[in-house]
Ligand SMILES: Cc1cc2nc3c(=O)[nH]c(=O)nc-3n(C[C@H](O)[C@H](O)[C@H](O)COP(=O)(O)OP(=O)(O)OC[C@H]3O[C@@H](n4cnc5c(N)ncnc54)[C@H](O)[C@@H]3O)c2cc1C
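Okay, here we've got a single chain as structure tokens, the form predicted alone, with questions on binding and movement later.
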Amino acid sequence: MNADVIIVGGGIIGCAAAYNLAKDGVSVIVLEGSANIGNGGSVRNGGGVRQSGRDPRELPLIMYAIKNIWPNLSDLLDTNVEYHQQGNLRLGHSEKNKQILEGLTERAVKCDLDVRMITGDEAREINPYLSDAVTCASWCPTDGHANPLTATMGYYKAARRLGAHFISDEKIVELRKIKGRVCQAVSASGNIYEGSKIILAAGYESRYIASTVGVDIPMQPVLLETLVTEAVSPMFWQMLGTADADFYGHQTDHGSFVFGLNCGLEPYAKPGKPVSSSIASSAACRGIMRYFPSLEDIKVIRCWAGWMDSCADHVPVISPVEEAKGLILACGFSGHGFGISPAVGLVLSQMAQDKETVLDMHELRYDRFRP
């Protein structure tokens, strides 16, 4: 099958790129290796749409998305993505935490982000459910959160309405060059898909697929876990995080709380299908109750896990590849991909059409890893 652009990976990045390309009249085929669209990190994350706490190299993407895309995304996709822009509290309880938050805040302010340090009492004025353990926090009023599932499916459905063709259960195992250009994607079943450009947005699998044309992206898989509680009456709408990064999350429109977590056991996770750990969930609950004791009687109803494509320097690779012309990489998002996905989808569509990108992507180029 042929199309102007072949996209490998049916997560929110691939779906957003397909939507923007189809909107411009470009023919698109999206190939998803699993049976379900968005089966990876796209729907297995905490839903943060945050600017605070980010590397300055990816800040322009999220700042652009929050200013220009997220506020109107539900109308644009004709899907309620449950976007709330009620701010982000990143919490601390010690002098060491304060130093971490001050460093993050200082770097963000240099990038013209509206974020500031506040005291524990000021944090409790914003969110009265916080415990006295909170002694400091960073506060970014323009941050927020959204629903990863509805946002991913919104892009998918909108792209299909515009003519993009999606094929699931079609695992790509090889890229091929013709006359020096990467223009073919070969599936495990032997099917060949050809396009003038190939966007590779398949999470950690992108590393193996890119290696078939001699390209390597320094990534490793890291397991992240999430828990969701029963639904309760609305309590607060801020996005939450901590200086220690022991949990992050928010309350959803449904009333449940969704919290992401790191337990430290991720390097020992079994390969293959991601499986959540009872150890991780209980550790996260202890951390959550330290800051929010009023949540201690709320029941956890389920947990899940997902693989994150962690890049060596913890920011993504979003760029064409000079030595593999026709190939555009979009991987290594290191757990930060959801919030920036609307801007990344736009930039990828511009790269695939050889247009000038709306943002300078020099800092996220592939060749930054060269000696």
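Because the structure is a prediction, the values reported are computed rather than measured. We number the residues from 1 along the sequence you see.
Only in words, not in the display: the form predicted in complex with this ligand, which the text now covers.
S.K.: Among the candidate residues G53, P60, G326, G41, which is the single one with a non-hydrogen atom no more than 4.5 Å from this ligand in the model of the complex?
M.R.: Exactly one residue meets the criterion: G41.
S.K.: Can you work out which of A159, L91, A202, A151 has a heavy atom no more than 4.5 Å from this ligand in the model of the complex?
M.R.: For this set of options, the contacting one is A202.
S.K.: Heavy atom to heavy atom, is S34 within 4.5 Å of this ligand in the model of the complex?
M.R.: Result yes; S34 sits at the interface with this ligand in the model of the complex.
S.K.: Does any heavy atom of D143 come within 4.5 Å of a heavy atom of this ligand in the model of the complex?
M.R.: No, D143 stays farther than 4.5 Å from this ligand in the model of the complex.
S.K.: Could you tell me if I12 has a non-hydrogen atom within 4.5 Å of this ligand in the model of the complex?
M.R.: Output for I12 is yes: heavy atoms within 4.5 Å of this ligand.
S.K.: Do L224 and this ligand come within 4.5 Å of each other in the model of the complex, heavy atoms counted?
M.R.: Flag for L224 set to yes.
S.K.: Can you say which of 163 to 171, 191 to 199, 281 to 289, 96 to 104 gets within 4.5 Å of this ligand in the model of the complex, counting heavy atoms only?
M.R.: Partner-contacting stretch among the options: 163 to 171.
S.K.: With this ligand taken in the model of the complex, which residues across 330 to 350 come within 4.5 angstroms through any non-hydrogen atom?
M.R.: Result: F333, G335, H336, G337, F338, G339.
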